[in-house]
Structure formats: C-alpha cells, structure tokens
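Below, in structure tokens: the form predicted on its own, a single chain.
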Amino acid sequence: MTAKTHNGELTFSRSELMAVELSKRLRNDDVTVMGTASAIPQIACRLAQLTHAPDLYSIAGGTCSVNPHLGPVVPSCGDYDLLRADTSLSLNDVVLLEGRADVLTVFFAGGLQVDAYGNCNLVAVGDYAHPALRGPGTVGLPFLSRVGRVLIYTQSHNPRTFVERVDFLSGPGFLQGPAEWKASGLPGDGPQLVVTPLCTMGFDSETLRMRLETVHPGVDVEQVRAATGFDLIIPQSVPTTPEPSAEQLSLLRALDTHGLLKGK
C-alpha cells in the first residue's frame, strides 16, 4: 500500500513509513533484538545508525549477528546474508542476554494477536488444542518483560489481529492492567509503541490501555477505530504521522535495493 502526498504523487509505502517511525524511537545507547520476520526493524535500526544513533547495537535473532551491514535487506533474520555483520553470537548467548534484564533495551515484537494492553500471542488463535490458526510458538516473546522497551509492529491492522484479550499469552505487555502489572514486579518498562500500516499507538499512563497517537497520511480516525477489535483510547485531537524526509527515504532505499518494503 502506497501513500500520497498533498499533490497526489506516490512517494513512500506504508512499510517504509513504519520503518521510519520505529527508527525515530531508537536511541544512541540502545541494544536492540528482533525476531525472524523482521525486514522493517532491520531497516529501522540501520537507519537509526546512519542518522541519529550511530552507537546503537542491533542483534538479529535468527542468525545472532550483531550490527548486520544490510544492503540488500533480507526478509528474515534467519538469512545467512545477515552474517555480513560486525560480529555474531551463539544462540545460547542471545537467550542469556534476553533473560538478564540489564543488557537489551529494545525488543521488536509482534504476533498473531495483540491486545489492548500490548500482550502478544504467537502461539494459537482459538482453543489451544484445536486452534483456528497455529503460530510458530512463543520463540523469544516470554522475555519481553525483561527488556527496557517493547516496540510492537505488525503489517496487519484488523479486528482479528487487534483483540480485547489474546487467546494465548506468548509475550507479556501490561498484562491485564495497572494492578496486575504493578503486582508482577517485572523489570521491563513494558510496551511503548505500536506501529501498523494505519497508525502509531502508545499506551495511556493511567489505564495502560492502547491509545492512538497518530494516523498515517491518507488514513482517518474512523478507519483505525473500525479496524481495531477493542475500545481504543482516542484523544480529542489526533495528528497525522509526519512523512519521511527525502534523506530518510534515500538512505532506506539504498539499503532496501530489492524493494521489500516499497510495494507494501
């Protein structure tokens, strides 16, 4: 899906916009980790390194490579091409880092379902014994609660994906709200951002429920409301997501020479 500027010209795709929005939330002192289907966070991290966060470290979960050089971007973190990197770790070391709570600052997450409190489900939709849809399993998502910030991204924004409560808790967000989250004593800061093809969302500081932040160019609030399967908090005024700059798009497309993000 492509977006239009005010003069009607096609200039960027929704996926490119998502990568830019994720990139803007990364800091120079971050150590990030991502899972398998991760072209968007791959580009987000490399874009941050090339602009405002040169000292950021990025770990590709599938190959356990550190700071993949990219160019061209590959669709999966399990691609051997990502071993063109500064270095690589063993899978055991990456798992240990995910569990420590004092190393990784950002975890890029997603799922078959994401609920109002940012909990993610990557296991099964429906009854666990006889699911309507079975996913790959929890993978690294149980470690979400031990990472500083969780950035959620998904290319599906519909009522099947965004549900009031996940059918299976693979990766904890804010659990079932403030009381349970506080009682849990989990060390992470919880989910901070959700980026989809329609909008960006954060979380209300009091209720910890998902809250609309911006709508992407060409999208209105009612589209987002209709595509969300729970009562999304919507502020009185919702700005439009800023368009990527010419520099951001130039850097992004120099990395994404296969155009994985361009047509979506």
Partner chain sequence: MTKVISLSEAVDRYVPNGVGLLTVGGMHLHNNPMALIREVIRQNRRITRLLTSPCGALNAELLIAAGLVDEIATSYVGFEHIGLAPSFRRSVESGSIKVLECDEAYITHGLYAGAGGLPFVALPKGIEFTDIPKVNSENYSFTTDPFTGETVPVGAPLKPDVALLHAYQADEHGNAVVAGAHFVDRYMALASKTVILQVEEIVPTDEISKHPQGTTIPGFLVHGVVEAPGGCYPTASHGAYNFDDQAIAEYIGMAKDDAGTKQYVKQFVTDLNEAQYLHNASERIEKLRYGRGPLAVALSERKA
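None of the values given here were measured: they were computed from a predicted structure. Positions refer to the first chain, counted from 1.
Although it is not shown, the form predicted in complex with the partner chain is what the next lines describe.
Looking at Phe108, you'd find every heavy atom of it more than 4.5 angstroms from the partner chain in the model of the complex. Taking the partner from elsewhere, Thr154 is found to have every heavy atom lying beyond 4.5 Å of the partner chain in the model of the complex. The partner chain in the model of the complex comes within 4.5 Å of a heavy atom belonging to His69.
Of the heavy atoms in Tyr57, some are within 4.5 Å of the partner chain in the model of the complex. Residues within 4.5 angstroms of the partner chain in the model of the complex, judged by any non-hydrogen atom, belong to 31 to 39 and to none of the other stretches in 206 to 214, 31 to 39, 44 to 52, 224 to 232. For the three residues Tyr117, Asp220 and Val238, a heavy atom within 4.5 Å of the partner chain turns up in the model of the complex in no case. Checked against the partner chain in the model of the complex, the residues Pro159, Gly78, Gly177, Gly126 give one hit for a heavy atom within 4.5 Å, which is Gly78. Residues Val123, Tyr128, Pro131, Ala132, Leu133, Arg134, Gly135, Pro136, Gly137, Thr138, Val139, Gly140, Pro142, Phe143, Ser145, Arg146 are the members of 121 to 155 with a non-hydrogen atom no more than 4.5 angstroms from the partner chain in the model of the complex.
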